[in-house]
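In structure tokens, one chain follows: the form predicted on its own.
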């Protein structure tokens, strides 16, 4: 209770309360008339029931009530307290009060800070309302005083003793009742007073107190009170039983809590502080501020609750903390805006790379579609296939720059474990998410350009199949709910632009390959390498080796000589190494004060790089029998490859050497079968096939060779060897042959034709269906080469072979008859 405004500072609260109580006792009861009636002002009581002989504080807010109390205090008289039936009525009438009230003495009024007044009241005796005799300025009633017996008969005494026993049990079980209340009750001899005192001590509801006040019969009041006390004892005993069970169950956890609390205090004393609590609070703030999906946020909050309930030294604390950190640090909905300017993207791609027309066109098409339809959900999944060093990875960086996206790269070379892709479950010690989720975290956005390098180098073994795990990642229909074993939450990868790289498609599983759009990088021709060296490689090596101020230049013939005589590749990595080697030697000469030439010429290359390292195959210098120039396509680009055939005495076998693969050997068998079927037209004695061996060889036997494109070459060489007709030295050919002599299309036409051009050939024989592949040839190669499309092997023979034999065709020796053998022996 706060101090009223009109109290002086010298007044002591306890003393003032004592003085106020004494004032109550000095106020005398009203004397009833001959009929036992009294007249007194009414003090309405809201939410309060005052029993006789009980002292209670009241608050007076109504103006009429304040007038009634002030009038009674001036005259030193009592008032009658009437309890309202409904506490919400502000201006009650006669029908709104209980018919039984209590004559009360009201002590000194004290002003409260809110403008109301408070006072102490003491109930004196019950009164029964007879009539309301006035309502203005305050209510006034005539009431009959209810007399109660001062002593108790035998039955009443039994009820009193039972009530006291029950009340004693209540005091023992309910801590809110002071023990002094039982002692006070034991010293009350009047049955009515005892009943009212016990009713005041118990925490009864408003309706129960009203009903007890209305009971005028003392014995009936004690019986009702005994029933209430018995119910209260039952409830308190049940609560005590439940409390005892709960207490026994939580003793152990309570003990642990106390120990943890002591440990925490010890840590604070040692200066280690409550780091665990601070970390938990920090995680809570981060979770509230993070823009997480509903499912991820719900899981994180549950894990945080588990973390808060664990002791700081529990081993699982670190696992849960790491898991929540992963959820918070992943870019669930952080997108970088796309730059959809097609012209700007085209300039960026042309600035960073020369050539690679197909790949650049595909990216520009994608940007154009996105600019027309910005909300396009499905992202392209590209697969760049080509030999090493042609710029697959660096083109991915340029694409990311042109789009304005973050670039993320993962190398899949040698990955054998499926968990590398999907992660490990949290049950394992040291578990982490897979490479996909780890890289998304490093990228920091939900829509980076994600490059999966060397996807053809994935391996499968007993630990799992990582290629199968990639199916979900690269499937636009599934990757919007990609689930990592560590997170066990769906993560959206549908906004990611995936670009994969591979050197060949042969080792990629067909289900995985089906999900990707393949773009081939065929390798650079000599002209392209020369342009790349002038635009990118030479300036970069000059800068990296610190020779910018020397005005170092490379003449075109010098670069061409390096390409032809010191490198053998489809890309430009080795070319850049050789250029860097020259720049380093110039830098050393400059540092040592030696003279050097600022213009690197072709005749100085050997001085810097040593003797020639690569020897390009050359075309045959003369027309020869049984030797045909084949056009081949390798990982390092196109080249020419001679096919040699020798016919020897034997048993009609076909021998093929030079590390030929299965497909190439089958092409040789098909070529021989075709020749046998046309032996009569080709004027070949059929006995040759039965009594002579044919040996087909492709030089550089240590280098593996395979593919069907040498079919017409081997057929031409075998026919030349069997007929003695020479093969023109300036003719090169490629194509697959069937048993009927038809010629099927092959791959790598661009590289093969350019290899023929470099080797000095004049005529190139191609399958007719490969004419479409000539659109990408340089103009110089087209103008200097005679490219002849053919459909059938007959057309090839007319072009490549001379009409007349220049040597005697091989013939098997005649076998002697038995008679001739006997004559020779005689």
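Numbering follows the first chain given and starts at 1. Just so we're clear, the structure is a prediction, and the values are computed from it rather than from any experiment.
The discussion below concerns the form predicted in complex with a small molecule, not included here.
Asks: So in the model of the complex, does any heavy atom of residue 524 sit within 4.5 Å of the small molecule?
Replies: Yes, residue 524 sits close enough to the small molecule in the model of the complex that at least one of its heavy atoms falls within 4.5 Å.
Asks: With a cut-off of 4.5 Å between heavy atoms, is residue 411 one of the residues that contacts the small molecule in the model of the complex?
Replies: Although the small molecule is absent here, residue 411 would stay clear of it in the model of the complex, with no heavy atoms inside 4.5 Å.
Asks: Would residue 352 show up as a contact with the small molecule in the model of the complex if we use heavy atoms at 4.5 Å?
Replies: Yes, residue 352 lies within 4.5 Å of the small molecule in the model of the complex.
Asks: Can you tell me if residue 576 lies within 4.5 angstroms of the small molecule in the model of the complex, counting non-hydrogen atoms only?
Replies: Answer yes; at least one heavy atom of residue 576 falls within 4.5 Å of the small molecule in the model of the complex.
Asks: Which residue, 529, 405, 725, 392, has a heavy atom that falls within 4.5 Å of the small molecule in the model of the complex?
Replies: None of the other options qualify; the answer is 392.
Asks: Using a 4.5 Å cut on heavy atoms, which of 243, 358, 540, 347 is close to the small molecule in the model of the complex?
Replies: Exactly one residue meets the criterion: 540.
Asks: Among the candidate stretches 731-739, 703-711, 488-496, 567-575, which one is within 4.5 Å of the small molecule in the model of the complex when only heavy atoms are counted?
Replies: After filtering at 4.5 Å, what remains is 567-575.
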